[in-house]
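Single chain ahead, written as structure tokens, the form predicted alone.
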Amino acid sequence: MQQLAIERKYPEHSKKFRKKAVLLSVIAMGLGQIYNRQYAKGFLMLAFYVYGIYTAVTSLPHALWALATLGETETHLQKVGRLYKQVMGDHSIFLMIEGLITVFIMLVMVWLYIAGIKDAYRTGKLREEGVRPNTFKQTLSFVAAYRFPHIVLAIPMLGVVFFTVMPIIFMILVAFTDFTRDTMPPAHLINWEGLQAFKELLRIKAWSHTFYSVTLWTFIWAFFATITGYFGGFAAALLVQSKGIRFKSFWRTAFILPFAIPMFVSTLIMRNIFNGQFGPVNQYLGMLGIAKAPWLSDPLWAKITLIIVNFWLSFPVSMLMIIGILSTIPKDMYEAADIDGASGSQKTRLITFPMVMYSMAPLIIMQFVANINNFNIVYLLTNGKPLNGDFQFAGHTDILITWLFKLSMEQGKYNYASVIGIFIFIVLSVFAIWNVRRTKAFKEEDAS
């Protein structure tokens, strides 16, 4: 190991290849490769370099101007002869998107530029060692043989960048503007306002009260929605897999039916079932002499109804996964417990539950994260209602994602909605990254 750590010494005169290759690559991408006699690769990289220079000269200044100003000319009326003609001004949103794309392309070109310098250095170093540089055909063969997975992964990665990363960056930028319905382009220009939207949302009492209350309810909702779904599935799995239960396939099929029906259909049906005036649930309660419950009209009852409906829709998935885990638990553990005289509850508490939790914990965390962002059931079942007069455009059952939707689509408060979107993104990212880093597969990758 010590021998490998010693840096190999080269005569001073033999370092000319790598130095000249690096110097030429710094001057222009591809010249270093041409100097290293890799002509096809060099000219290809030189073409990219020319395109990069052309983009930097023709588009980058406009992109930077667009991102800095978001436009300077507002749509206005201009007198042409005896008539006034509407002259379109700058569209701030389009300018922001075009600027982002151009900056992203330039970042890719810079990355290629640095990679070209490193490649020229490595190839020059090989020449000093007496190794002949690969031809273009050999390079293609090497890439096809050893870099094919990287090329295939690069395609969806490009989609992730354009359709996931770019919208996130756009959302973050909007949070620092005054983009609302009143400043909608192209009639008006959007201006940078810095942290103004953050300050108003977090400091102005009317908005901060709504934000903190909705955030608290979002986490309470996510917790109970996750716990009830998991323990409901756990109980159903234990019952279905119990000894002496006949027609297990029938029970499994019957319990999975709620999941087989499209969720939005089930949710809309549940909305009618729990209707306080005409719903069959209250009708049956009335027949039994029990007072009708305000399922969707009272704030507390509406929240309980949400959790009940979510439980009914989510427990089949947990049940199926837990049934699969139960089949992997060694039976000799239960036999040893029987010999020790353990009761059924003790075997469940000391063997079954820990084994299931070991496998299900990452999924439970991700389910919790998904419930924080569970737009469909809240919007379709209650639409955030009942209304709350103390809240800004939010009801008692609104969670952050439904409030964000109302602020953006119904009220045109795009900058406030972006602030909430950033908050949701941070919360979900923290949970997701923490969960991924704790998975066994990730640890194995680190160990290798």
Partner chain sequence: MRPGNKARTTIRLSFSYIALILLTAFCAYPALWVLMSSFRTGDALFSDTILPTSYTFSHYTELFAKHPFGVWYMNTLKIAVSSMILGTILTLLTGYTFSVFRFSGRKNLMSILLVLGLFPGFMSMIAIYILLNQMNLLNTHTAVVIVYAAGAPLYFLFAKSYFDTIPRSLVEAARIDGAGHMPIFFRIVLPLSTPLIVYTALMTFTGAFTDFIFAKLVLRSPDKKTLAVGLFDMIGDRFSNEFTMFAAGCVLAAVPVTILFILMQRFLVEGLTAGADKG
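Numbering follows the first chain given and starts at 1. Model, not experiment: these values are computed from the prediction.
As for the form predicted in complex with its partner chain, it is not shown, yet the points below apply to it.
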| item | value |
| --- | --- |
| 73, 189 and 211 each touching its partner chain in the predicted bound form (heavy atom, 4.5 Å) | no |
| Which of 200 to 208, 330 to 338, 345 to 353, 305 to 313 lines the interface with its partner chain in the predicted bound form (heavy atom within 4.5 Å) | 305 to 313 |
| Candidate from 286, 130, 194, 159 lying within 4.5 Å of its partner chain in the predicted bound form - any heavy atom | 159 |
| Single option in 223, 94, 104, 136 placed near its partner chain in the predicted bound form, where near means a heavy atom within 4.5 Å | 94 |
| Residue 82 within 4.5 Å of its partner chain in the predicted bound form, heavy atoms | no |
| Residue 418, heavy atom within 4.5 angstroms of its partner chain in the predicted bound form | yes |
| Contact label in the predicted bound form: residue 150 to its partner chain, heavy atom within 4.5 Å | yes |
| Touches its partner chain in the predicted bound form: residue 90 (any heavy atom, 4.5 Å) | no |
| Sequence-ordered residues of 48 to 80 touching its partner chain in the predicted bound form, heavy atom within 4.5 Å | none |
